[in-house]
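First, one chain by itself: the form predicted alone, in structure tokens.
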Amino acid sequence: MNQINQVQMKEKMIPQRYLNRTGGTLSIMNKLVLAGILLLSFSCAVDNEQTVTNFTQLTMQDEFDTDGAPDGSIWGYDIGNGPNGDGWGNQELQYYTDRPENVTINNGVMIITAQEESFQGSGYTSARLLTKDKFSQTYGRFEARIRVPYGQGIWPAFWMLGVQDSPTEIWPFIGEIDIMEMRGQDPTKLIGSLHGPGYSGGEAISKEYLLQNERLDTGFHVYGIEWGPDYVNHYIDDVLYNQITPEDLPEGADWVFDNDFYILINLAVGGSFVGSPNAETVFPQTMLVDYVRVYKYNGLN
């Protein structure tokens, strides 16, 4: 499926009243209206035992309205196959680049493309974008509207890492918040996790969410967290499906989520989490990102 067809399918997921009749894409005014509706949705009812806070002030947003390369004032890139050449610690198979073949903005969405090709010793290429040294924040609501791909060995993710206080401070001591990751071969299952010292990798604090009568790859969904002192809430669309607090950690483990974190968005190929692609995996694979928005933490309601 080509990029234009994918964007057109994305537009079908947007209510017609928010589409610009002359161009078929969201106008700036209509996007503001839609943002207001999304803000109202944050007040949805949840279990009384779960912490819900107030997030109304935007601190960062990228609507991907300008075709071409992503905004360099917001996004940088991880390049290569990991600092140690080990597939970023996960045995991933792709080589990350900043080429337009692997990441570009077209018709209001950022398109991350995984290609099957021989490049710098790897059999695949893709892209991994991050806001490190450009934007980071402690607490808040972090969300993105994404359409994920489908296929064995495909691994899309929207996640966060803690800012290092010193060059010697390394993962998992800096902390990791996985807002969204999924296995491409399992298109009805979403996973949200926290990683830290004593609860990382296969021992992360995680919860899965299963879609009913729907697949993650057939449309856009809003993936987000609401994060405050001593809790992280995971959302898909208007559904709060997971809350993690210090009480959920292993005995004696440290809560490392009270400092600035930055954002990452990537599309990996292969790795220990998903396994390798097989003969049925189609390339290229694309991950479409409609927007990324971050809101300030305003305290408890």
Partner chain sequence: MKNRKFIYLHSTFLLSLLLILVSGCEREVSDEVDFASFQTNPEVFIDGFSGGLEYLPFGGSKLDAFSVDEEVKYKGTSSMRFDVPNFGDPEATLGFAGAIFPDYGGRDLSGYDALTFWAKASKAASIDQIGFGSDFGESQFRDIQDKYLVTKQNLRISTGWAKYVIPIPDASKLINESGMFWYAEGPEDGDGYTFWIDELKFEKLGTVAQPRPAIFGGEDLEAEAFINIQGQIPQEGLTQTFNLASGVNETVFAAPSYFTFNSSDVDVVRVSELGVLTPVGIGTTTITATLGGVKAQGSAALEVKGGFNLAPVPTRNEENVISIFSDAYTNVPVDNYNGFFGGQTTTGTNPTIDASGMTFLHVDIRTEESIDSGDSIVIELIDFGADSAFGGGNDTGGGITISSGDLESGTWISLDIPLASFTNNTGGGLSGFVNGARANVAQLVFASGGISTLTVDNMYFYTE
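Please read these numbers as outputs of a predicted model, since none were measured by experiment. Positions refer to the first chain, counted from 1.
There is also a form predicted in complex with the partner chain; it is not shown, and the following applies to it.
The stretch in contact with the partner chain in the predicted complex, judged by heavy atoms within 4.5 Å, is 185-193, chosen from 95-103, 82-90, 221-229, 185-193. Residue 139 falls outside the set of residues with a heavy atom inside 4.5 Å of the partner chain in the predicted complex.
Residue contact check for residue 199: none of its heavy atoms lie within 4.5 Å of the partner chain in the predicted complex. At a distance threshold of 4.5 angstroms between non-hydrogen atoms, residue 215 is in contact with the partner chain in the predicted complex.
The partner chain in the predicted complex is approached by residue 150, whose closest heavy atom lies within 4.5 angstroms of it.
Taking the partner chain as positioned in the predicted complex, the residues of 273-289 that bring a heavy atom within 4.5 Å of it are, in sequence order, 280, 282.
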